[in-house]
Each structure stands twice: as structure tokens, then as C-alpha cells.
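Here we start with a single chain on its own, the form predicted on its own, put down as C-alpha cells.
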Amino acid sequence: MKVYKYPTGSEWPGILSRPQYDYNNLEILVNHIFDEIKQTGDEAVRKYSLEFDNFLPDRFEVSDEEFHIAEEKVDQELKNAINIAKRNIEKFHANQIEQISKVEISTGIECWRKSVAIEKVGLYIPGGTAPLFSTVLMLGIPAKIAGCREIILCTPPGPSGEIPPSILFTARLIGIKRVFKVGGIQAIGAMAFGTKTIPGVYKIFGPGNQFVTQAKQIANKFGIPIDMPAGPSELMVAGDTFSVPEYIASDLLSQAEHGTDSQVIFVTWSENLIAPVLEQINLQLKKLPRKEMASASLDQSRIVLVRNKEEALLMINEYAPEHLILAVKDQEFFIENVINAGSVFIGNYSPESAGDYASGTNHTLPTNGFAKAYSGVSVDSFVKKITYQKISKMGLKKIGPVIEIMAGAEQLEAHKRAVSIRLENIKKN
């Protein structure tokens, strides 16, 4: 990790820059695959499943027998852990359900808003270097709580053509019945446009590599909403004399091992912390099975020494990290003033791993600075808000003249007449 000491404001953009990639060729590829899926459906999905995943399925959808076999393969200790995480995530997300609250604007005018579940949603669970069954919990549980009627899940199969048992067990546990062995660009395209065997959906959720991320963003251009623009994982840790170097190093490495394109940043105003943290990183890195991947991530990561906590706060809000750990003494200062972050972990005993798995909050979060405008996945992500209003004769008599004046000023005569006709009838009767 490169160390920067007391950088000037002009140096910040370079220090806080994320890894950059050229997506131009990737966009061409995604559009080409999407065109084929729109034209030939399952045939195109099979073609690219063979090309990218070396898998040519007899059928895409996971059978009941495969679900049963998968459940038997998951050991009881992991089943118990998943069940505990499930309960915690359900408890946190169930509290997000919005109750209908009717507002009497004035006599005879009543307005309210109602949350209605998105009818059809598609969940993407990455494959690749790790079976992310935890993401099944993070996406599937709020979708079920929201009341989505149709939930499908796509995930790439392994070399043997099988989906990791933990993913299938978790999907069935939370009530997802339709899982498809499809990954990458072709999975996003199938969910966006629908094929004979894979239903089209109204919104697509889930993280993924640069291929999946680009495919989601292009699907969005075709009018298919997505949860958020998401890129490689990232973590920022703020620390001072309150911090424990061993803990900071473990947190930085826990995020770095996600992938070579992940980024971690440690910002501190205690210079004496830097050497111990670096020492711990080197010691702990040697023991990691994924040390090559973590090491590559650390090559594009930073340690930044700033002058004080106020400057650290400015840096946090400028970077807008996906994950933020506040291993600091003055926690309330940061809790009150952090405005750009996906999820915040407070104190020495709140590792980012807790949010990834079992504390209850969601781990599907905005990356690449999108935390300045986007929230992480929640029950709200799976609903749309419909407003209602009911106006009585008395209410229209009061507000009608206001509407007539405003519509007349905008020269929208039909708008004005829609009110005037009713007011004239009310007077007659």
C-alpha cells in the first residue's frame, strides 16, 4: 500500500481515484450478445454459456431433485449459521416496511402513499472465485418481505455444471423456487428480455464482475431498472489512537481478498499507527489462501495521513466509500457528519465482515462513489410508491379555484375545465 502524508487538496483526486478500466469494447460485446438474445432467446443463451462458462445445459432451470441433493451436501454447522443470519436479516429488513399514513390536507382533501411490490424481479448471484450464498440472503429476503410475486435467480454453474450447494440451499430456505444455471452477460440479457425458459423481469438486482456490471447498465438503457450501478468492492477505514492495528489490517485484507480490482483505504491523523498497520498487513497476508488476489488489490490501495479528524471527514465524504469503518475515539462526530457512505461500522468490534454476513444490514451497496446519491439494497428497492388522493365536493370547492387560476396561468384550458365543469355542477345541485 502506498502511503501519502498530508496531501494537498490538489492531490486528493489522484489519491482517491478508483481503478480505471476501458469499457468501450465491453459495451460493444454486451450489445452484440443482447441483440442475439432478443432474436434467438435460449439459443443465444446456450451459445454464450458454452463460450464463457464452458457449459451447455440440457435445461437451464434447477430441478427439485437438484435442490434436494444440494441440501444434503450442506453440512449442519453451515445450515445453522445461515439460519441465524437469515433471522437477523429478516428482523432488520422487516422493520423497513412503510405503514400507510393518510394525511388530511384540508377539509375534504385526503392524500396518502402506498408501497406496492415490484411484481417480477431477477436476482443475479455471482459465481467465479467464491460461492456467494450470502448474497442470496441479502437480495432474496427483502424481495420476499416486500411481497414480490415472481422472484427468479440466475447464477453461473461451476465446471461440472452444478451450482454450489450452499447457494441452492439458501435459495430454497428463503422461498426462492426458480433458479437458473446462467451467468454473466447472457444471464442479464435473459432476465432483461425474457426467453422461452427464462422469464423477463421488471427490475434486476445483484453484484458481479465488469461484464455483469456493464450488462446491467446497458439493460437499464433498454428500460429495465437495476438496483444500482455497482463496481468492485471497496472499504475505507478511519482510525486514531483508539484503533487496534491488528484489527485494521484484518479489515483491510478482508475486503482486498474480494478481487484484484477491489480497493481499500486507511485514513488516519495518528502517524504512529501507520507502521504497525503495515506490519500487521504483511504478517496476516502471508497466511491467506487468497493472498495473491489480496496482494494485487493492495497495490492499488492507499494509506493517507491527514492533519486531523475534520480533514479525515472531508476525505470520507469525498471518497463516498461502499463500506466505512470508524475505529475512532470520537465516534459521534463522524456518525453525525458522514453523509456519503454505503454502510458504516462503528468501533473496534464492528468488522465489515459482520455486515457481509449476519448482523442484519444489507451488503449490496453502492460503489465507485455512487454512495453520494444511491442507497444500498433494502425493502424499498423492491417496491414502488403509489400516491392516492380522495377529494370530496367540499374539498373541491375549496381547492378548485386555486387549480383554475394555476391552470389558466399555464394556458392549459382543458386542465382548468376539468375543475370548472365539476364546480358548476356542484353549484347547480
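Given the structure is predicted, the values throughout are model-derived calculations rather than measurements. The first residue of the sequence shown is number 1, and the count goes up from there.
From this point on, the text means the form predicted in complex with another copy of the chain, which you will not see here.
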Contact check for F67, N272 and L278 against another copy of the chain in the predicted bound form, heavy atom at 4.5 Å
no
Based on heavy atom distances of at most 4.5 Å to another copy of the chain in the predicted bound form, which listed stretch, 85-93, 304-312, 177-185, 190-198, is the contact stretch?
85-93
Which one of E71, E292, D330, E119 is close to another copy of the chain in the predicted bound form, taking close to mean a heavy atom within 4.5 Å?
E119
None of I145, I265, I151, L132 but one has a heavy atom within 4.5 Å of another copy of the chain in the predicted bound form; the exception is L132
For N348, is any heavy atom within 4.5 Å of another copy of the chain in the predicted bound form, or not?
yes
Residue-level question: is S392 within 4.5 Å of another copy of the chain in the predicted bound form, judged on heavy atoms?
yes
Does another copy of the chain get within 4.5 angstroms of any non-hydrogen atom of P225 in the predicted bound form?
yes
With heavy atoms only and a cut-off of 4.5 Å, decide whether L16 touches another copy of the chain in the predicted bound form.
no
Would you give me the residues of 242-266 that have any heavy atom within 4.5 Å of another copy of the chain in the predicted bound form, in order from first to last?
E246, Y247, S250, D251, L253, S254, E257, H258
